[in-house]
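Alright, here's a single protein chain in two forms, structure 1 and structure 2, each given by itself as structure tokens.
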Structure 1
């Protein structure tokens, strides 16, 4: 657990998300600065203290999108660890964000434990953010190699953001068959959630 007071920049245009996530973060002893859009954040950036901060960034917003803001900050040398927030349909965007240096991604709705763990990872960074950083452990590589060819195809479909029905149409099998393969993929990869599975896929370079 993070024991020091830290500031989280929360960027999301959904008022309900702003209120709910702020409550979670406050309970976890983080201070929170809320911004309604990427433009709102950029307009105030020069007045912000970015030491000991992290960013929770929604990928889909009106105006400047989350990934555009992330890239702009990276190119400008603003090294704020970024955690992207996404709905299931935005998984490919979350993958791209992580390839571009995001620390983690959270699939809405997420739990207190998930957001605190992600922030602990973000605040624990001791090196500059690097695009497309992979860190596949031998165990992760071994788990990946245990997948059958069909399970590998299903994993790639999940990383592409496909639902079971969409993956089933692509592979010309039944949705029920995809559900079985999906369960096997999660089990073999020791993934407890789609977000965790996608983090593993990014570390392995799946879907590049």
Structure 2
């Protein structure tokens, strides 16, 4: 048991999303503080206790964008682990957020398991904001090196945010083939989700 109950800062401009996600997080035993925008959060930041907190941040909002907020927090030395929420299939945005130090990303709409896993990870981190640079473990590097040249290209394609169809078009093969490659990449890299794969890719410096 921690002395502080874990608190999640939820930043999203949509009232219905605020309501739903708050209910979900409450059921998962987190307390929740809701903010309508990045500006809203920043204006209250000095009054907040940031110990044992994490942030669920929508990266697609009017006003200050999620990425800029991350940048500001980082520069101010505010160490809140950030999980970004993106629209479905907006992997490029997720990749940028993770390069910016986000610990994970969730594609809306998400399941209980996804959000719980992501939060557990965020709260479990000793150093929450580490800008993901090349910090690959030997094991990760080894997995990466086991990829065939084609699989490597497919990994790059995924990190660049391509759907199978788009990757297929750039590599001039059928989308079905890409699905197979994608599957192989995930298993060779030992990645359970695209988010994890992206995290690995960023650590490996793929696509820099």
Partner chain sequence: MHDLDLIDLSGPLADAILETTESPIVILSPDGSIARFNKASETLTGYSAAEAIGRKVWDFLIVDEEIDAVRGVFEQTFAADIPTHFTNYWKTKDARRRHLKWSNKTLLNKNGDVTNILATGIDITDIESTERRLSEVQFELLHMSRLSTLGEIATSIAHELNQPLTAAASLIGAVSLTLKKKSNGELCPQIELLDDAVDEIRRASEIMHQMRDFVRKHKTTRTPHDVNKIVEEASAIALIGADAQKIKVTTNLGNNIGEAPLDRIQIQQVVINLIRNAIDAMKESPERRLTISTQRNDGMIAIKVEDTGSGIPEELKTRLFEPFVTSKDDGLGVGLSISKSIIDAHQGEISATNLNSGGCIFTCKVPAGGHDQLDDNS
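Given the structure is predicted, the values throughout are model-derived calculations rather than measurements. The term rigid core refers to the most C-alpha atoms you can superpose between the two forms while keeping them within 1.5 Å. Numbering follows the first chain given and starts at 1.
These are two forms of one chain. I'd like to know which is the form predicted on its own.
Structure 1.
task = Inspect the rigid-core superposition and answer whether the C-alpha of residue 52 shifts by 2 angstroms or more between structure 1 and structure 2.
result = No, the C-alpha moves less than 2 Å.
Large Cα shift (2 Å or above) at residue 186 between structure 1 and structure 2, core-fitted
Residue 186 C-alpha, core-superposed: shift of 2 Å or more.
Practice problem: Kindly check if the Cα atom of residue 29 is displaced 2 angstroms or more between structure 1 and structure 2 relative to the superposed rigid core. | Solution: For residue 29, whose C-alpha is compared between structure 1 and structure 2 after core superposition, the shift is less than 2 Å.
- If you line up the core, how far does the Cα of residue 198 move between structure 1 and structure 2, in Å? Shift of residue 198 at C-alpha, rigid core superposed: 3.4 Å.
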